[in-house]
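One chain follows as structure tokens, the form predicted on its own.
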Amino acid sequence: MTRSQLLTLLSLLPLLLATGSAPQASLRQAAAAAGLLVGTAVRPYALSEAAYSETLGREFNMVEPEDAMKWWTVRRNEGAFDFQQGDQIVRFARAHDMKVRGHCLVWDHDNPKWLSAAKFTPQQLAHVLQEHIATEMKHYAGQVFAWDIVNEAFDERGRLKDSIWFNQPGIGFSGEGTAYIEQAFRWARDADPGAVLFYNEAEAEGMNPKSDAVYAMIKDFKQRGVPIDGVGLQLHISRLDFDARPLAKNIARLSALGVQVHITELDVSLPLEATGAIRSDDLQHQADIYRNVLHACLQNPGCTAVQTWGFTDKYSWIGSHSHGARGGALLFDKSYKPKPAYAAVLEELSSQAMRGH
């Protein structure tokens, strides 16, 4: 344990010895002592709200934009880049000594109409993508430490999804498996050699055909020297009987390939009563799931970050029109009051620090 981690651990002693008093430590303090990055996805317009920005700066040591670095925000028009929203997040992170994850450069969703509806040839589209990766990554070089280069490329069967980047029309590798993903990573390494490059995937946290396909791709890339440094596992959880043991097994096999693992989009949605209320038993189940996910990460040194997809239910994609029967997925409620899940995460981080990291 380093001297700084020891000092951070000592600062947690009042919390660990407390008997009923309100905890004074924060998630980021406990995470620092445990040797982990604890992050959250953010919305730049909410930074002007005092409770939002104060909670964010106090509790987390890493941030990622929900949408501010995606194509439809950065490049609404083909000929111009707009980094204002992303820059706002980076400034906040700098002011609060936080790391920034970039999200995301290649995805079949959230693309502007000029891109998705255009009739590019594969050669033209390859030029557009290379230009986009290079321009955005160079703009944030030295400010964004890690990037989700490619997001959600596989379907539930472990096959590559149809997309403009792969085969509609693709960038010239539609008959060559994951070659288009490989090319994106090579362009990314050229654009910012210092950035940590991630492949990010949903519903691939356990052991299933999709996670097997991701594992096989990473193994192949590492064997052939393709520049990839990490895998992001999203973990949008909706089942209260979630079993974290397959997650731990998957983290272990990915780490054994020599890549980092980040939990990138963690939330645990709950069923809502007709009144919008949440059952207290469900809040405890949620807390147990958050604790178990943290434990699965912390037991493997290859898992270096845990990030929630938002931190307050006031601003959450869960509870939107497509998720109207569910809500309450995050660590803080709509009034920024910490839930049992917050206490569970803090306790798990603090326990890891006490075990000596």
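In this text the structure is predicted, and so the values were computed from the model without any measurement. Numbering starts at 1 and follows the sequence shown.
Heads up, the form predicted together with a small molecule isn't pictured, but that's what we're talking about next.
Annotation: in the predicted complex, residues 66, 103 and 152 each come within 4.5 Å of the small molecule through at least one heavy atom. In terms of contact with the small molecule in the predicted complex, the residue from 326, 43, 295, 58 that brings a heavy atom within 4.5 Å is 43.
Contact with the small molecule in the predicted complex, defined as a heavy atom within 4.5 Å, holds for exactly one of 92, 145, 173, 107, namely 107. Comparing 66-74, 48-56, 298-306, 32-40 against the small molecule in the predicted complex, the single stretch with non-hydrogen atoms within 4.5 angstroms of it is 66-74. Of the heavy atoms in residue 192, none are within 4.5 Å of the small molecule in the predicted complex.
Taking the partner from the other structure, the small molecule in the predicted complex has no heavy atom within 4.5 Å of any heavy atom of residue 163. Interface residue remark: residue 200 is counted as part of the site for the small molecule in the predicted complex, having a heavy atom within 4.5 Å. Within this chain, residue 265 lines the site of the small molecule in the predicted complex, having a heavy atom no more than 4.5 Å away.
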